[in-house]
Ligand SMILES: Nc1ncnc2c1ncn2[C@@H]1O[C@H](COP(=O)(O)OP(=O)(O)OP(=O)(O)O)[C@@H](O)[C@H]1O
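Single chain ahead, written as structure tokens, the form predicted alone.
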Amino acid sequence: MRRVLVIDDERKMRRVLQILLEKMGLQSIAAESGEEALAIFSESKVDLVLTDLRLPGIDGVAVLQRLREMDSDVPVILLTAHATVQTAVDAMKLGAFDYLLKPFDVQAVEGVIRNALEMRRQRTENRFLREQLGLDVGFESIIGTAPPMRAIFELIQQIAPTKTSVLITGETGTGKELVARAIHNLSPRRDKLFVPLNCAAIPADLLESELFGHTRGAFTGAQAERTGKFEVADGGTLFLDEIGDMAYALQAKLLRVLQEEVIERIGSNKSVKVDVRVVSSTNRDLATNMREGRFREDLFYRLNVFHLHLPPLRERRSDIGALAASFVADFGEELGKGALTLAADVVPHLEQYEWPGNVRELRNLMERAAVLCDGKEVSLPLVRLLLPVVSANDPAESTSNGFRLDSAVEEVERKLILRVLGTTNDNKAEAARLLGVSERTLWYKLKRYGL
């Protein structure tokens, strides 16, 4: 049963409120001063607080402040016969749920109490769901319960509060930027900007300007002054994605900035102090690049103070079902179809595939499935057409890892569609029925293979 703490220095008022609460099916505890109330609150489970504004000793506003420190979720309703507009404004700013005048209307008070308790229930449930999500499903928007991912989550929590530079490695599509964002969101820099920059997507001659900025007229085409990403990220986190693709000459300039924490815009001699945490990532083997003279050893050790390696999806197959379900539900909502689900036999099929594109490839597949799905459930026939699995025992259609080449799989799928169309005299509707997919899906495949 939910419990309400009643605080009032008038015995009759305390009793009136307790009778009202009992009629509502609620338990109550009474206190005649703020000090007594705080002592009770610290020792008892309380779901709601009703407090008079004027109390002996510490007043109702001070009690509200202390309660907010002890439990930010508990709703507090202030009662007073001496109201002013400023007092009401101050109380609401401090987090009071509501503010009622004495003498009060019983029905109005009941309504406010019920609303406050409902808010308390929702907050408690939402907090529980967030905690469960972090424990059982994912971490900072990263879905995963496989042991390698749990180890990653623990490391993120350890390094996030520091200023340590972090190098994240892993194959393409493993979620390196998500991990970088998690590090930022859990750090003291969370209120400042997280600034991502893909070093591989920007031409080498423009990347220096993107990093450090430039003055007007610094080079041909520099028609206006530009602020670089280091200045934008001042106080926050700069994420240098695909750092292994950075030109060798620019690496020396980046190293200087990391060592001295100052930048100079192109075309300027003025040094600008910056406070930036750098998190970088790559899918390349930087050790090989260093041996071949394509990556500076001193920069590597500056970036690689702490190393996180993200496992490929094939090494965390137990996460595939949760990832696929989350993606297809989200895409269903985006497409206005509602939260789509996966048929029970889909996940085992997905778990057999090697996923060379990792989580990004799985996400793309679920987006296509959501587009082509006609009902509320993504079926196994649809998934088979989008990404069929070939037996690992067939050497003609397998990779060195024991699974088929993508081109071989597509050829098998193409031949199957042609064979079914031949048996139906090119009747698309009948062919779709025999293949167990919608006509829309069949037309998509026909276009894809140029049939």
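Note that residue numbering begins at 1 and tracks the sequence as displayed. These figures come from a predicted structure and were not determined experimentally.
Same protein, other form: the form predicted in complex with this ligand, not shown, and the subject of what follows.
Q: Quick check for you: of 187-195, 371-379, 323-331, 107-115, which stretch puts a non-hydrogen atom within 4.5 Å of this ligand in the predicted bound form?
A: Heavy atoms within 4.5 Å of this ligand in the predicted bound form occur in 323-331.
Q: Flag E177 as yes or no: does it have a non-hydrogen atom within 4.5 angstroms of any non-hydrogen atom of this ligand in the predicted bound form?
A: Contact with this ligand, yes.
Q: Is there any non-hydrogen atom of K229 lying within 4.5 Å of this ligand in the predicted bound form?
A: Contact with this ligand, no.
Q: For D234, is any heavy atom within 4.5 Å of this ligand in the predicted bound form, or not?
A: D234 lies outside the contact set for this ligand.
Q: Can any non-hydrogen atom of R363 be found within 4.5 angstroms of this ligand in the predicted bound form?
A: Residue-level check for R363: yes, a contact with this ligand.
Q: Using heavy atoms only and a 4.5 Å cut-off, determine which of D98, E210, E171, E367 is in contact with this ligand in the predicted bound form.
A: For this set of options, the contacting one is E171.
Q: Under a 4.5 angstroms heavy atom criterion, identify the one residue in I266, A160, M149, V272 near this ligand in the predicted bound form.
A: Comparing distances to this ligand in the predicted bound form, the residue within 4.5 Å is M149.
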